[in-house]
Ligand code: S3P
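In the form predicted on its own, a lone chain appears below as structure tokens.
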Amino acid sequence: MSAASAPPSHGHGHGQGHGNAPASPLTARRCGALSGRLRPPGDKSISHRALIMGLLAVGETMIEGLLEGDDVLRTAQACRALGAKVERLGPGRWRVEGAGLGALATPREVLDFGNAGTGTRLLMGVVGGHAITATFDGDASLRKRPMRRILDPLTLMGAEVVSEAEGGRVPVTLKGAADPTPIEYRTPVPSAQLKSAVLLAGLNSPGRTVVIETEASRDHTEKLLAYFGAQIASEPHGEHGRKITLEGRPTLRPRPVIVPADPSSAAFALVAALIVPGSDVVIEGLMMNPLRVGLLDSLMEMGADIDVLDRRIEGGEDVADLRVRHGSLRGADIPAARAPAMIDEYPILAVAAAFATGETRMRGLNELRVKESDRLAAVADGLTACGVKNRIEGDDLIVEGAGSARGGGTVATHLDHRIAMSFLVMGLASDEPVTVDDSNMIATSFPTFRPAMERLGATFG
């Protein structure tokens, strides 16, 4: 295995710093106009899933534009442990020689996912549908995150939780089912990870697996399953929901995957261009999946100057380029129904809201309380530290935009990469510099964040 494909080693140290690394504070200062072109990293959700589909297909899957952040490298390592040959051919170019559905190997060691919640939950689904036993673990942050909602449906399908930390948290040892029972499962919360885990377990089932969502979540797993040859149908269910039906034991055929640019990573340059005076930035190859453009819809409602250019299809997903220019933003009421389409983008939306005029209310953010950190509290505390008036009412965050932000604060990131990047963006346009207490964990999703932003004209340090 090349050094480039080996994930960095992490300890399980609590406290600041990512893993065992000492904390690395970073400061952002007010900068001149941002300009140029940016291709954000490959989408994290698709990168995880492309590797997993490569594991489950028999033959060679070629992946272009894979996100090479720590989270995705952990999934690559786990796929290798489960019997795939996984190799890096060059920047973003990977080849996966699949073990094939039903033919996975029992891993010889613990599957250490670092901070990767997506990789953990999706591969729990894969393992749950195979006659193998695997132990899942991760860093201090991952060990706090709930896994019970994933394990519950897997046990209904015949998997057995051999051991778990308190409250269904990792480390978890899972013994998969040789013949997973096909089930019809109603998800208790809108979660693409939960839905995906059930579908991936159902792949090796001798029957039909059905997942019913009252609120539609991201559909990347369904799109990639269909692209690789699975028989899967998705239809509307109720007002906002979907019913997904999967036929078990398909022949999955390897397909080339071009990973589109990640909307969650693009969000930082996008909002920076909107709030830094004089900016004019083009963001290339952005995924435009309707279930992922909640931030874009919200910013448009706030009056953002964004042009959508060259719409096209790549790897089964809608893609486009965006031209983003600075302009005045106004407060808006962001409906709770949009939350599943932008759950990772609320921290950066809150920064945009600080620079808007008037009040922005973001409704229904209960899911933010169980992300990498209690993201709702962390965003509110960060805004307060930077002199932005805000309040939490129930599960709503209300930001009182003044058209500018004082800045000047040090923001506690709680090991959360999106909190770190969001407040660094704030510092590029605020009156005084903004410091985040640690920047190490930015590498989990956007390893090139600092140089990419500096090329556009951002000032850090």
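All residue numbers are counted from 1 along the displayed sequence. Everything quoted here is computed from the prediction, not taken from an experiment.
There is another form of the same protein, the form predicted in complex with shikimate-3-phosphate (S3P); it is not shown, and what comes next is about it.
Check: in the predicted bound form, which of the listed residues (P153, G98, G176, P190) lies with a heavy atom within 4.5 Å of shikimate-3-phosphate (S3P)?
Finding: Among P153, G98, G176, P190, a heavy atom within 4.5 Å of shikimate-3-phosphate (S3P) in the predicted bound form occurs only for P190.
Item checked: Contacting member of A140, A377, I343, A81, with respect to shikimate-3-phosphate (S3P) in the predicted bound form [4.5 Å, heavy atom] -> None of the other options qualify; the answer is I343.
Margin query: Given that shikimate-3-phosphate (S3P) is not shown alongside this chain, does T360 nevertheless sit within 4.5 Å of it in the predicted bound form, heavy atom to heavy atom?
Written below: So T360 does not count as contacting shikimate-3-phosphate (S3P).
Notebook entry, point to check: Is there a heavy atom of R218 no more than 4.5 Å from a heavy atom of shikimate-3-phosphate (S3P) in the predicted bound form?
Noted result: Close contact exists here: in the predicted bound form, R218 approaches shikimate-3-phosphate (S3P) to within 4.5 Å, heavy atoms only.
Check: Would S45 sit within 4.5 Å of shikimate-3-phosphate (S3P) in the predicted bound form, counting heavy atoms only?
Finding: Looking in the predicted bound form, residue contacts with shikimate-3-phosphate (S3P) include S45, since a heavy atom lies within 4.5 Å.
Next item on the list: Consider H414 of the chain shown here, and say whether it contacts shikimate-3-phosphate (S3P) in the predicted bound form, taking contact as heavy atoms within 4.5 Å.
Entry: Contact with shikimate-3-phosphate (S3P), no.
Check: Counting only non-hydrogen atoms, which stretch in 115-123, 228-236, 268-276, 350-358 is within 4.5 Å of shikimate-3-phosphate (S3P) in the predicted bound form?
Finding: Among the listed stretches, the partner-contacting one is 115-123.
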